[in-house]
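So this one's two forms of a single chain, laid out as structure tokens and tagged structure 1 and structure 2.
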Structure 1
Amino acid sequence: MTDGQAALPSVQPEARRPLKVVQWATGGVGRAAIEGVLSHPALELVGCWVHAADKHGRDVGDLLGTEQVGVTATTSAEEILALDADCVVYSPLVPNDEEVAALLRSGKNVVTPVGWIYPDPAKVGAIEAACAEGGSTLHGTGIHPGGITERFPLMLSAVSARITHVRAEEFSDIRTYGAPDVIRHVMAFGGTPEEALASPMAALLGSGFRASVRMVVAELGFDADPHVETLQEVAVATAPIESPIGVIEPGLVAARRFHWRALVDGVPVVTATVNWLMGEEHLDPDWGFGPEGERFEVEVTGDPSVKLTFKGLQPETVEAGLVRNPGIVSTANHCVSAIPYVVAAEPGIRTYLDLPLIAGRAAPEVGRHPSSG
């Protein structure tokens, strides 16, 4: 800082007391979110909702395989609604509008990676009413969708002009995703191409990705067709492939690719793409990750054209990913980092376009307490 230059105020909405947080659901994202809350200097875990009866009544630390944290998990939604809490990290596999509305009506803000990234105002009247009744805020976030797909492309677009296309793309080895039932029965890996193309996966993913695409279209000002195009492709095994869901036999699905595209006069202007492969061997078509390996990419075509590559959000090995997948952890961290900003926001559904810059926090050993000035 030069002489006479005043320090700029921080945009961090630090509270005078720790914000009380509830975790809803303890799948991979939920467990990672709990870890994030416990390490965040401005947050305090005060509750945890679980689906499985065998988790009810157990200390949350037991569910994480760590030392006890003094918070007991419950299957009772009523107990959670009655808690004094500032925010709920809501991360079930499939969202339930009625659950979210009840949390909002109870005065709890909600941060979630399973929806509401950029919702259609015509379809969220009940949620908006719940926010108004509870004086609460709902924010949808995540990674892809929820970050790579719209937050980071919009940030990158600021250094370009005359933009003609924005692309967000994931290249991941799906063998590192530790949910074998979902991979087999929802994603339809290991099934026939016909089963995969008819599976609910495109629809489940599409609600989030279409919202992300619409956000970029609206903010950049593209005159795009309101219908976001959905395309999906499959690759099959040409030889037996070992995988966490068992051996994938020749002719069965071993890779999937999804595209969501906004079009102007039939030409894509915003594209979000997912490439999920069971490794790079024995596939037809012969898909692969290319020389850059697993990654996320954001590319803005304009003046100048800019490309950003994210590394580190995929695990180094399949085995490491099944223990701790950094993509899942980063999804949870994005939720946790948003909590202070969402609690400080005005009631209603708030997207990235409504909130200030969201940032993480320093590790305790190198940081300072938020109340220390």
Structure 2
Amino acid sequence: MTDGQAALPSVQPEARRPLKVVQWATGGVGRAAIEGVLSHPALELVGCWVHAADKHGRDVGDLLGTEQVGVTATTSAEEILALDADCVVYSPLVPNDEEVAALLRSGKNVVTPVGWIYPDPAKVGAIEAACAEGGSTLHGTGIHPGGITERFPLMLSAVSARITHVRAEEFSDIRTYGAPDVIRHVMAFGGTPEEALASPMAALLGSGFRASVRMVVAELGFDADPHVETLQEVAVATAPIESPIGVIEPGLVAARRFHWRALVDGVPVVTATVNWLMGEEHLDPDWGFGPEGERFEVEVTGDPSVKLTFKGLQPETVEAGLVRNPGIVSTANHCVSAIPYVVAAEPGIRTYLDLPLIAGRAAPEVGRHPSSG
């Protein structure tokens, strides 16, 4: 091909017709995924499952606060299963294996930020069987986990040699995350330190991060201990702190740090860390984000050592984040961008290691190639 020819790269797997997409759950991720589907040239929204009874029967536009979309939300899983659709973006509060298997058996591909990033093959027999029965594909993605903890570290690792350590780390103000159920029940804020440290949800939360760590270990070829270690720390409020789960009173958990680490002879080789703080004031210990502020980092230690800092995934202010949090929008976008590639993939669970490079799509207002939609 000569320069100046306008052909699209052959990796773009867009179908000739728009792909029909269902949104499952309309929390922060779900609403952003709907926006992403509506603006994607190759996708069409055809259905929407909601958990909340008061959302049943309403137009999706009402749930987004926009003009009518022409798709009515339903609490009926049966209605969704009966729909003719290519893919479901599955983003409920917590994953339900049976629900996902039913969607896959019905022939719908599933993209989700709630698990299956790099699952243990011994634990996903039923899901693989559902994929085989429905000829469908399941892809787990997101940003953290599901992007910053494995996809981008793996990409960065390609420019380094003799790698000794890979680190992915989040520094976020959780006052900007308007998902009280996730903050209270999944991230275990607002209770006593004992409750937080013993929370069974830490295992669920950690399963995605541990999977990311295992993916990097496997692809880079570290001979690591198969057990990915989890270290937890908490900081408590020293004064009342306003948060999306209400006021956090002194003595209760207002910041959390997790490290998930793969070790070779006791030495970390792959680490995923989160620093989740309800602001930088009134914490004991007095944790903070440091001079670089909120961010995500990916660092590969090798020859040469390289470091990538992501800015822009956190909102400018707490108030802005509660209206529309860019990290949540990015999580949704990573799901939506994957849809054409997942629909085109072979049936089964497909990870970043199986799929081609996933890209976003041009905005219509700057001019789109006609064959991109």
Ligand SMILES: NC(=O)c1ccc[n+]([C@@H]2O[C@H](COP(=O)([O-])OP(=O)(O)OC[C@H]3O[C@@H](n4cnc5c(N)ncnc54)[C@H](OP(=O)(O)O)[C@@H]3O)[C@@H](O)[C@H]2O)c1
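Numbering runs along the sequence of structure 1, starting at 1. If you superpose the two forms and keep the largest set of C-alpha atoms that fall within 1.5 Å, you have the rigid core. These numbers come from a predicted model, not from an experiment.
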{"query": "Displayed copy of the chain that is the form predicted alone", "finding": "1"}
{"query": "Threshold 2 Å Cα movement between structures 1 and 2 at Ala239, rigid core reference", "finding": "yes"}
{"query": "Yes/no, Leu154 Cα shift of 2 Å or more between structures 1 and 2 with rigid core fixed", "finding": "no"}
{"query": "Thr192 C-alpha moves between structures 1 and 2 by 2 Å or more, core aligned", "finding": "yes"}
{"query": "After superposing on the core, C-alpha shift for Met201 between structures 1 and 2 in angstrom", "finding": "4.1"}
